[in-house]
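Before any questions on binding or motion, here is one chain by itself as structure tokens, the form predicted alone.
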Amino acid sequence: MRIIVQKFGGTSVSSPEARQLVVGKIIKAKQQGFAPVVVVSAMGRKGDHYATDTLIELARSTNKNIAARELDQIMCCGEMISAVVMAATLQSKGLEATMLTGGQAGVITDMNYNNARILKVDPSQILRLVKQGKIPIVCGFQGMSPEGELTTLGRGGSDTTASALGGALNAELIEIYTDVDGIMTADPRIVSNAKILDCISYGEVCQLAHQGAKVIHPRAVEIAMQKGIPLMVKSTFTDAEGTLITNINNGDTGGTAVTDRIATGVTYLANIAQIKVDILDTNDASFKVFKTMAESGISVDLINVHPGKIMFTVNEDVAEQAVIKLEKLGHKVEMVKDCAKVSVVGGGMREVPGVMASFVEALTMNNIQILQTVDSHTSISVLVRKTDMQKSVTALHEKFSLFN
């Protein structure tokens, strides 16, 4: 049995017209000999009646501090509504479709409400339906704890659902349908000549996602990578071929040609604050700084540790809290707000001389002040003023010839 998991995002199921296009994608998969398993997100985006953010606002309009358990109950409703409507749409076309909640589909999670982790997937119910010739329509973003509690998987959770089901079902392919034609070299709202990538490695797309690209949830990619299942990011609204995500380093490209590129894409994260901490040169001073951040629930990034000084970044909404905590330790702290992190990602950077020089040159030639840098084998990130963010993205995209 050739199983394909097809995940459709909120815009793909938000209107009757969009849902008809979804039906076409499902029918096409069946015509190609696949048994489709469909995962859906809640309909639309913030402001739409059944979107997750709309439901959250409804709950918090009564109590902004609503308990996490109850918040999960209402957040699960969006996907349930979407799955029922999608199943009804398929049934109206003469196709046998059955709606399943995350729990009914066998997605078992821990009890970490609002950001649960999948413990295991029992695919028996889905396999039973598929063997009967039915199309399972599964609620993404949600699962059930061993105690029977409804849980949600955090932002991007429907992608994670699709990959987890794909792994449990030994799917041949996982398709992620959205409102863009694939993964692009940069945000097209900033870089007008950004192009669609034909193929990208698991590692590269994880880096892009972690560094701010709104492409696919990194947890979903990591799950697919563990099982070696190719992912395809495609548009519901066009017939574009999309972007294949696979282990291109092993030559598993599904017939897609891969160029020997140094850089794959440029991405960014806005609303970042830089924290500079003067510390005494003692063995445990750095440890206490980072332990304090961890105990305060503050995530740190772009970390540089030098004798007598530590620099790192945090999200702006927790920057003031971070400063207060650090000053209580007796440190002199400087905060720089209104910053942005800009990153170039590429699996071809490893052991290639001159990449950092090109990176710095692109920014320097455009009079962009570099506040901080950090790099790895597959990415280089820089902290700049937020006012320089768009100029930085454009300059780096041009410097690394990502438009070719």
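Note that residue numbering begins at 1 and tracks the sequence as displayed. The structure displayed is predicted, hence computed values, not measured ones.
If you look for the form predicted together with a small molecule, you will not find it shown, but the lines that follow are about it.
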- Query: Pick from Pro188, Gly330, Gly308, Pro146: which residue has any heavy atom within 4.5 angstroms of the small molecule in the predicted complex?
  - Reply: Pro188
- Query: Considering the small molecule in the predicted complex, which of Lys291, Arg117, Lys93, Lys214 comes within 4.5 Å of it through any heavy atom?
  - Reply: Lys214
- Message: Among the candidate stretches 77 to 85, 100 to 108, 177 to 185, 291 to 299, which one is within 4.5 Å of the small molecule in the predicted complex when only heavy atoms are counted?
- Response: 177 to 185
